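This document starts with two versions of one protein chain, written out as C-alpha cells and named structure 1 and structure 2.
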Structure 1
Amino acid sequence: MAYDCASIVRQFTVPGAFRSAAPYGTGHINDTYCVECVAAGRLVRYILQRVNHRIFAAPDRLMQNIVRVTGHVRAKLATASPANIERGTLTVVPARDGKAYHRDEAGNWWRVYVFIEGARTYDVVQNRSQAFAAARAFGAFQAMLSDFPAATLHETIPAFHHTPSRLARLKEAIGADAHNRAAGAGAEIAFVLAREEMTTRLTTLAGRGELCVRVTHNDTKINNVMIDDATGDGVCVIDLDTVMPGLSLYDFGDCVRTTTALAAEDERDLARVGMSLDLFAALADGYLSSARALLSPLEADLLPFSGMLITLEIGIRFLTDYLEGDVYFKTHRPGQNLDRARTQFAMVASMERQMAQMEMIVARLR
C-alpha cells in the first residue's frame, strides 16, 4: 500500500522541508521509510515507520516503553560517553501534538526517529568481529538498563518468550489438527515432546527467584544492531518494539540462534544446518565483555543452554503456525513453516552435540 509520507512527516516536529521518502530496510513487521528533508541548506535524514498494530495491539504503550527506555539510556550516555549520545540510542521525534506517535485518519500508527549516519545493519553476520560487536552491544544495552524498573514496562507481546506457553499452544494445535497436517509432521512433534523438560527450566528458576527479571530486548538478531562503518563497533541497538520485562538469557539465546546458524532459516537440506562454534565463541566473548558484571553465576552457567532453548522455542512456534494453517509467519511457498521448524530442530541437535564445548568456552571467558 502506498502512503503519503510527505503529509505524515508534516505531523511531526521535523525541521525543514520534506524532499523524498523511499522504502528502507528488510523488516517484515513494520513499514519503514528513509525520509530526506532539507533544513538550513543541509540534507537531514529520518526513519519513518508505520507500526503494525495487528502484531502490536497497543502502539501507544509500545511507544511509551521506547521513550522511557531510550531516555534512560541517553541519561547514562550523557554521563559515561557524551560523545556518543546522538548515536548510542534511538532519538524519537515527537509529533506536533507532543505525543511520540501520530495516528492517521485510516487508523495507522506512525513514528519518526533521527537517522543514525555512518553505520548500517547486516542481515547475515559476515565475520566473528561483527558477532562480537553485536553481542557486546546487546550486553551493553542490558547493562545500561540494569537499574531500570523492568516491572513498570508494558508487555508489548504477552508471554513472548514463555516457552511452556508456546509448548501448550503446540499441543492444542496437534490436538485440533485443523488442517490435517499433524501426520506429516510426526517426527518434528516427537522431537519437541522428547525435550519437554527443557521448556520449563528457565521459567521454573525465574519462578523461584533464582533468575532476575530484567529489561530485555527480546529480538536480538544481528540486524538489530547498527555497526559503525569506520570502526566496526556496535553503535546502537534498534527495533525496540519488544523491549519489556524478561530474562537476560532470552536475549543471549536468541542472539546465538540467529547469528551462529550455518544455513538459511528455511533450508531444506538439513545436512547443511548447524551451529558455528567459532561464532558462538565470538558472541560469548562480546556479550560477557559488556554484561559480565550484570550476570549472576547461574546466568553465566546457562548461557550455552539459552541458545538451545530459544532455538527450540522458535522451532515450536514455526511448527505450531504450520499446524494452524500459516496464520502468523509470512510464507512464500507451501510447507515453508515446516521447513523452518526442521532447521531449528537440526540446530538444536547441533547444539546438543557441541554443548560440552560451548560450556568450556563460557567457563574460559568467565
Structure 2
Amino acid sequence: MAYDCASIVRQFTVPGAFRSAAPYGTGHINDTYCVECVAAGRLVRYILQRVNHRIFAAPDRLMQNIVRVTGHVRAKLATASPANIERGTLTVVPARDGKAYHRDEAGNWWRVYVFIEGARTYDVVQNRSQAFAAARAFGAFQAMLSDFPAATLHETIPAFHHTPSRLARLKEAIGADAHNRAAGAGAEIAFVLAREEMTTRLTTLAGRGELCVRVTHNDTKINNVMIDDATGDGVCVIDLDTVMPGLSLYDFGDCVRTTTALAAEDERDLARVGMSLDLFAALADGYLSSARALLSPLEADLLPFSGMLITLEIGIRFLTDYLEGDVYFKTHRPGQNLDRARTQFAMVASMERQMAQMEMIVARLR
C-alpha cells in the first residue's frame, strides 16, 4: 500500500520542507519510513510510522504510554547522563493539533519520531561487545523505569507474554488447520507439545507473587536497540509499543533469543543456527552491569531458563501465524514464518544442550 507521506508529515510539527520518504528497517509489525526534510538549509531526518492498528487495538493509549515512559526516561537522563539526553530516548514529534499521533481519513494512525543519528540497529549481533552493549541498554532501560508506577500503563496487547495462552492458541490453530498446513509442520508441532510443561513455569510463579511485575519493554530483540556507530554503546532502546507491566525475565529472555543467535531469525540452513555461549556470557555481563541491583535471587536463578522459554514462546507464535495463514508477522516469502519457527526451536534445542554452562556463567557473574 502506498501512502502520501508528504501530506502525512505536514500534519506534524516538523520544521522545514518535506523532501523524501522511503520504507525503512526490518520490523515485523509497523510500517516504518525514513523521512528527509530540509530546514534552514540543513537535511533533517525523521522516522514516520503507521502503527499497526490491527495488532494494537488502541493506538491513542499506546502513544500515551510512550509519551509518559519517554518523559520519565528523559528526566532520569537529565540528572544521570545529560550528554545523552537528545539520543538516549525516543522523542515523539507532536502533530499540529498537539496530539502524539495523527489519524488519517482512512483511519490509519501515524506518528513521527526524531531520527537517532550516528547509530543503527542490527538484525544479527556482530560481536561480543555489541551483545554486552545491547543487554546493558535494556537493563538500564528497566532500571530507569523501576520507579514508574506500572499499574498506570495501558496493556497494549493483553496477555502478551502469557506463554500458556500462546500455547492454547497454537492448539486451536492446529485443530482448525484452516490452511492445511499442519501436516507439513508435524515435527515442529511435536517439538512444542513435548515441552508443554515449560510454558507455565514463569506465569505460575508470578501468579503466586514470587516474581514481581515491573515496567518492562516486552520486545527486547537486538534490532530494537540503537548501537552508536562511534562508541559501540547501546545508545537508545526503541520500539516502545509493548512497554507495559510485565516480568523482567521475558525481557532478559528475548535478549538471549536474539543476541546470542549465530544466524538470522529466518535462516533456512538449520546447521548454522545455534546459541553462542560466548555471546551469552557477554550479554549476561552487560545486563547485570545495569540491572543487577533490581533482580531478586529467584529472577537471577531463572535468567538462563528465561532465554529458552521466550524462544519457545516466539517459536510458538511464528508457528501459529504460519498455521493461521501469515496474518500477524510481516512475511516476504512463502514459508517464512515456518522457517522462523524452525530456527526458534533449533535455538531452544541448542540452549537445552548448553543450559548447565549458561547457569555456570550466571552464577559466576551475579
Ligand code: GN1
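Reference numbering: structure 1, starting with residue 1. C-alpha atoms forming the largest set that superposes within 1.5 Å between two forms make up the rigid core. The structure displayed is predicted, hence computed values, not measured ones.
It is structure 2 that shows the chain in the form predicted in complex with this ligand. In this overlay on the rigid core, residue 295 has a C-alpha that sits less than 2 Å away from its partner position between the two structures. Core-superposed comparison between the two structures: the CA of residue 193 exceeds or equals a 2 Å shift. Residue displacement note: residue 149 has its CA displaced by under 2 Å between the two structures (rigid core superposed). We note a C-alpha movement of 4.5 Å at residue 325 between the two structures, with the rigid core held in register. The Cα position of residue 342 changes by 3.8 Å between the two structures once both are aligned on the rigid core.
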